[in-house]
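There is one chain below, alone, in structure tokens, taken in the form predicted on its own.
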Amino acid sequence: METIQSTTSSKPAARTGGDKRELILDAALELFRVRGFRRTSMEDIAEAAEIAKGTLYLYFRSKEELFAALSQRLGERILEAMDQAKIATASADLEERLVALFNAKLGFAHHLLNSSPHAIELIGSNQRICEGRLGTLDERFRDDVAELLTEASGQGQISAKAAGQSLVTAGDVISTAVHGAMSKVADESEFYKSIREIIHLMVRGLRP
């Protein structure tokens, strides 16, 4: 997933409200990534976004509110990447579909974690999005993995009985293994390779 950052090289003469909000979030992401939440002030964010401090407070009443909005945006973009991965690999085999889904969910998080010691603040427990409609990002991801496994089981590609566990549990085991690799493999290309290898082994164990 592509890193979220501003693509403008200079400040336009005028911006819409939505543009300014996105500019603020872009500036906040970079500052939180480099300095961390505690060491970043609203004044710092306003300066980085090239807006007046008073204008910043028209969009966000506090740094906590801004942080929550940024976490939500990151989560929403990961969800979009997951949806795009599912569509792009709809006709592929189970392994490819799982690899694409895991890459979409964890690729950006892995990149962010290895680019800053403060990144965990952005992708940790505050990453609740679309509450009441989609639930948490992790819950949505768990459902998507279970859906792919269930579909593959219905087609006879895998069998939960082969591994002696339910498909939901099988999905959880795969997720646990891949998340473990995320914390141990710093190199991005090696991490993606690890995702593919883990999924290959896990799916192989589920084949009838």
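For every residue, the number given is its place in the sequence shown, counted from 1. Heads up, when I say rigid core I mean the largest set of C-alphas that superpose within 1.5 Å between the two forms. Keep in mind it's a predicted model, so treat the numbers as computed, not measured.
Although not depicted, the form predicted in complex with the DNA is the subject of the following passage.
- Only one segment in the set 36-44, 176-184, 160-168, 139-147 has any non-hydrogen atom within 4.5 angstroms of the DNA in the predicted bound form, and it is 36-44.
- Although the partner is absent here, I51 is a contact residue: one of its heavy atoms lies within 4.5 angstroms of the DNA in the predicted bound form.
- In the predicted bound form, the DNA stays beyond 4.5 Å of every heavy atom belonging to F67.
- Under a 4.5 angstroms non-hydrogen atom cutoff, the DNA in the predicted bound form has K20 among its neighbouring residues.
- Contact annotation for Q155: none of its heavy atoms lies within 4.5 Å of the DNA in the predicted bound form.
- Every member of the trio T55, L58 and S62 reaches the DNA in the predicted bound form with some non-hydrogen atom inside 4.5 Å.
- For L167, a C-alpha deviation below 2 angstroms is recorded between this form and the one not shown after rigid-core alignment.
- In a rigid-core overlay of the protein, F37 has its C-alpha displaced by at least 2 Å between this form and the one not shown.
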